[in-house]
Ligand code: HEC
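What follows is a single chain, given as structure tokens, in the form predicted on its own.
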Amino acid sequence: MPRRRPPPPLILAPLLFAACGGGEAEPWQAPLTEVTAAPTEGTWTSEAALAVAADPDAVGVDADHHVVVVAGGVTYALEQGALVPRPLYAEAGEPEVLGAARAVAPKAATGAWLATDAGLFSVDRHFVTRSPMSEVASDVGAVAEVAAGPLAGLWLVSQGVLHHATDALDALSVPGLGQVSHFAVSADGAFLVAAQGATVRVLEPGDGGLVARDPSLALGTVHGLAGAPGAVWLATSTGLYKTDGAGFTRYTFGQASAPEVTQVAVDPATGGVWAAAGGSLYYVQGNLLKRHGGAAGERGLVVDQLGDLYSMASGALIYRGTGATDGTAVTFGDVVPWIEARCSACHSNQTSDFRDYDVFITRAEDALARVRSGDMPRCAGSVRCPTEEALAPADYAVLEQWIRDGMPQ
């Protein structure tokens, strides 16, 4: 029986509902380019199957890019290699089961959203609760939240209708949009891509509301979408596509015709993209293309804060490591020389000395993400270094291994 707690304060404005619009999308012949370079071969640093009590239904990450998975009606958070249950708290009259899970997505601030056929749920550090949004959106198929930009706010699909919320939840009336099963918003909140089967629409702010545009491209059936900085990626039956809202790029991976792509996920730190196709996993970052083994018959694909991959299989969560570590156990004493060499020029003041264990453990994962993205360490004048001067994975392996080991003192 789910445990109960005092009801949270209701901070939403009155919930509104508007009919979904019909009409035609704006015609648009989107430019299409192709990347035909053949990928190099890549290898995993480690692989493992984490047993789950039931077949997983949905997998995603929270706001800190830690993995969250739902299996057998139970929500689990991955903490230091172990799946820890998050109990469901239900108020009087609320569902006492999650229902069938469809999607997990990070919140803008902290925690994660969970979309199920019983409504929208919130996952935090300690428990799972049903969102008041569920009073309007009782059956949620997809969810995303964006922190900034013209499309900032909470987005979800309920019974095929796209909804948006800032203070209140509204069903969107957008001419030419129609029913939606998949969607993703660019990370900067500039535009949104929505899909149903082989129908794709690009939504952008216009005079008086959102405008839906039809790219007029034979993209094939859309299997998944993922938002990235300034872009949305599409996994379709005719290949992997990227759009910046103005045009589309297709990746053929050096083949005569692009393979069907069933899953796509974005690395939160680097912006690199992983795609599952033909029993392989492909990594795309700029002009870098790599092919790795794995992913045959697996479902779902997410990337955590370390750049590692997770997917769902029967009774298991599959893990694949991408770091440059060798598994050698390290302590904070091993990390301090690295901090002194790479960080202390700017981060050794009296209020924020990274050589202090209690200070650094609260910033370690963010520090690693910024190092992986090339944002840190900075060059002279505290400006971002040129791309060619960014640290390679081997240069920060000791920091990554320490975090993987649970940040021991």
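Residues carry their position along the shown sequence, with the first being 1. Worth saying up front: this structure is predicted, and the values here are computed from it rather than measured. Rigid core: the largest C-alpha set superposing within 1.5 Å between the two forms.
Not on display, but discussed next: the form predicted in complex with the named molecule.
Just one of 37, 48, 54, 379 has a heavy atom within 4.5 angstroms of the named molecule in the predicted complex, so which one?
-> Contact check passes for 379.
361, 32, 367, 63: which sits within 4.5 Å of the named molecule in the predicted complex by any heavy atom?
-> Spelling it out, the residue with a heavy atom inside the cut-off is 367.
Among 39-47, 339-347, 65-73, 24-32, mark the stretch whose residues have heavy atoms within 4.5 Å of the named molecule in the predicted complex.
-> Contact criterion met by 339-347 only.
Report yes if any heavy atom of residue 59 sits within 4.5 Å of a heavy atom of the named molecule in the predicted complex; otherwise report no.
-> Outside the cut-off, so no.
When you overlay the rigid core, is the Cα of residue 32 off by 2 Å or more between the shown form and the other one?
-> Residue 32 C-alpha, core-superposed: shift of less than 2 Å.
Taking the rigid core as reference, does the Cα of residue 335 move 2 Å or more between the shown form and the other one?
-> True for residue 335: a C-alpha shift of 2 Å or more.
C-alpha of residue 43: shift of 2 angstroms or more between the shown form and the other one, rigid core aligned?
-> No; that C-alpha moves by less than 2 Å between the shown form and the other one.
Residue 228 and residue 400: do their C-alpha atoms lie closer or farther in the predicted complex than in the form you see, with a change of 3 Å or more?
-> Closer, not farther.
Closer or farther: how do the CA atoms of residue 228 and residue 362 lie in the predicted complex, compared with the form shown, if the change is at least 3 Å?
-> It is farther: the C-alpha separation of residue 228 and residue 362 rises by at least 3 Å in the predicted complex.
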